[in-house]
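Encoded as structure tokens, the following chain is the form predicted alone, with no partner shown.
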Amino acid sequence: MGCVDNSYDFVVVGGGLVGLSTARALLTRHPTSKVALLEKEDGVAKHQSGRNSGVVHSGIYYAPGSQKAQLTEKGKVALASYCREKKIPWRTVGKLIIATTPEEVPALEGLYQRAKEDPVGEVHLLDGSGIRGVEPKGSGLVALHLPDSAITEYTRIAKAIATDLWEAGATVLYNHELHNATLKKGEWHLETSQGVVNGAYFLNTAGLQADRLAWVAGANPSVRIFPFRGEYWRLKPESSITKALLYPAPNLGMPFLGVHFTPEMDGGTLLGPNALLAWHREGYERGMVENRQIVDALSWTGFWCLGGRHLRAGWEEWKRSRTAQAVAHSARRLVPSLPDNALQRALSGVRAQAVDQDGNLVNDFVVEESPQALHLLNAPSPAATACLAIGEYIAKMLP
């Protein structure tokens, strides 16, 4: 798609939703500029952007006024408009966030008060009978109901943006894996698997590989990417007993949301994901190990702090990854009638999670600058929902 030129004004590396949206925003702000997007795979959305559950996030979990909250609100409005324009499926299914123990109720009530301060859409606080009124098989003490919550098809969105780039005159280069990056006399020389691409500005939106590409470009990133494998299970067709998004009450100290029910466009239902620390950044199959990731982890002081702090949580995630019965046990908090034999394995994804030197799981976007370059080093959920807004935010940081 597109032809290789001698030099570009902007070179975006990474063909996920955020990279595509960044290239799109650059062309909007600089319509006469020459923009190239490099992707190491043979198409867009081959990793995080194409291996998620399709949920359009409301932003209810994020502190009012925070960058996450602002980008999510702006992003979901822009995404809904884009899907209407491109006739990409968007289905409103509603969402319940359910507290199943007395200890979880105050946190949920706090989220409800927070939701009144942030424009997350219509929100209702329900008791047990109210939960069953929305989802007859659901169960809990208290729940937040977000009736406008939706699902969409993110791979189709990514492909549509790639087509927009091509039609606007951008160059989209597949099978171009970046191996080296050197800034010489005010221009980047990007050595790829298919030859050298030159550009004045280098934008690193490489997701799972973002910190490694920052090192290649001579930057010194403040965080490291740790891959967390997320496994989904699918309800067997005869067992699809829910219609809405069902989530457990969150632990706001963690960036993961627990095992939840997600309706699919084809009428199926996903359960999951877990969040298991992986040893391969693209380890979609169980048991995959990458020697470099082992070295990356063991040489980062934050890894040891992370392990000590979350050892018990990691053990629980590992147990949940072993059998359908373990997943069903967790999911039964929300739907007690769910049988053990209702689940079959579905897709797996790997989430790029930044960890700082103190072992904290970074729960916000991280953008770091180096000469004539920007590096997006953490783009956690809801990056897919907020992708168009994130692209604009990054594009505005450039002259």
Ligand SMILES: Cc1cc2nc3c(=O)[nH]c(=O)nc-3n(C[C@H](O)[C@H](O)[C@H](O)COP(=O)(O)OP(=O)(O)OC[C@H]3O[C@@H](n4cnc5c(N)ncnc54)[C@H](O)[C@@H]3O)c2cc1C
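Because the structure is predicted, anything quoted here is derived from the model rather than measured. From 1 onward, residues are counted along the sequence shown.
Missing here is the form predicted together with this ligand; even so, the following discussion is about that form.
From the list 170 to 178, 263 to 271, 296 to 304, 83 to 91, the contact stretch for this ligand in the model of the complex under a 4.5 Å heavy atom rule is 170 to 178. Shown alone here, Gly359 lies farther than 4.5 Å from this ligand in the model of the complex, counting heavy atoms only.
Taking the partner from elsewhere, Ala23 is found to have every heavy atom lying beyond 4.5 Å of this ligand in the model of the complex.
Proximity of Tyr201 to this ligand in the model of the complex falls outside the 4.5 Å heavy atom cutoff. Remark: Leu374 does not count among the residues lining this ligand in the model of the complex, judged by a heavy atom distance of 4.5 Å or less. For the options Trp279, Trp188, Tyr232, Tyr112, the residue carrying a heavy atom within 4.5 angstroms of this ligand in the model of the complex is Tyr232. Of the residues Ala331, Ala354, Val35, Val55, just one reaches this ligand in the model of the complex with a heavy atom at 4.5 Å or closer; this is Val55.
Contacts of stretch 364 to 399 with this ligand in the model of the complex, defined by any heavy atom lying within 4.5 Å, are made by Ala379, Pro380, Ser381, Pro382, Ala383, Ala384, Thr385, listed in sequence order.
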